[in-house]
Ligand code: UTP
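Taking the form predicted alone, here's one chain by itself in structure tokens.
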């Protein structure tokens, strides 16, 4: 990822934007890094996740009445759109004025003149990881960066198992055997299983990186040594 004037697609985890409350300090530092890369000739597509605000709304709704997966999905989707408006606002100087809400409706954005395109959730049954993969396909981009609150893909949940081992390089076949084929609202897989199936079909490379280590993210962008998991 060394060449200038390259379009970089980032699936920006909602856990970074809203871990509990809005993390404006993270967003401020993220903004500085992105603007630095823009000066070097990069363009960015940033797809925002829902974060804790989505889970709070879903949990609250379930306490009031019975809700189904479609209800959960729509709540999550609108949380991603709120976060997308927030990110587009702080990047107002560089961002396309319209948020992409359908990764298949890319015609207005294919040759967007601004440096950043912000995108959000699409429709029930599909995560923002899936939206990132579809946008990668439609924009002719072969790599997707997944920034979240984990630094690697592990053999087990490292928060629960001390013997969990980090995995730095994975094939799609191996990764998909780990996460299965079904996605559900609020799922915490490093990269959505449905998005993974399409990414494998398209031959995409997905890098799983910890978003709080922004210098590490910058190293990846600049083709330097980095810490994270690459799936391809």
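Nothing here was measured: the structure is a model prediction, and the numbers come from that model. Positions refer to the first chain, counted from 1.
The protein also exists as the form predicted in complex with the ligand; that form is not presented, and the subsequent description refers to it.
How about residue 152: is it within 4.5 Å of the ligand in the predicted bound form, going by heavy atoms? Output for residue 152 is no: heavy atoms all beyond 4.5 Å of the ligand.
Residue-level question: is residue 55 within 4.5 Å of the ligand in the predicted bound form, judged on heavy atoms? Yes.
Residue 216 versus the ligand, in the predicted bound form: is there a non-hydrogen atom within 4.5 Å? Looking in the predicted bound form, residue contacts with the ligand do not include residue 216, since no heavy atom lies within 4.5 Å.
4.5 Å heavy atom contact, residue 86 and the ligand in the predicted bound form: Answer no; every heavy atom of residue 86 is more than 4.5 Å from the ligand in the predicted bound form.
Can you say which of 87-95, 156-164, 137-145, 73-81 gets within 4.5 Å of the ligand in the predicted bound form, counting heavy atoms only? Within 4.5 Å of the partner lies stretch 73-81.
Taking a heavy atom within 4.5 Å as contact, would all three of 44, 210 and 229 count as contacting the ligand in the predicted bound form? Checked in the predicted bound form: no contact with the ligand for any of the three.
Only counting heavy atoms and a 4.5 Å limit, does any residue of 31-51 reach the ligand in the predicted bound form, and if so which ones? Those in contact are 49, 50, 51.
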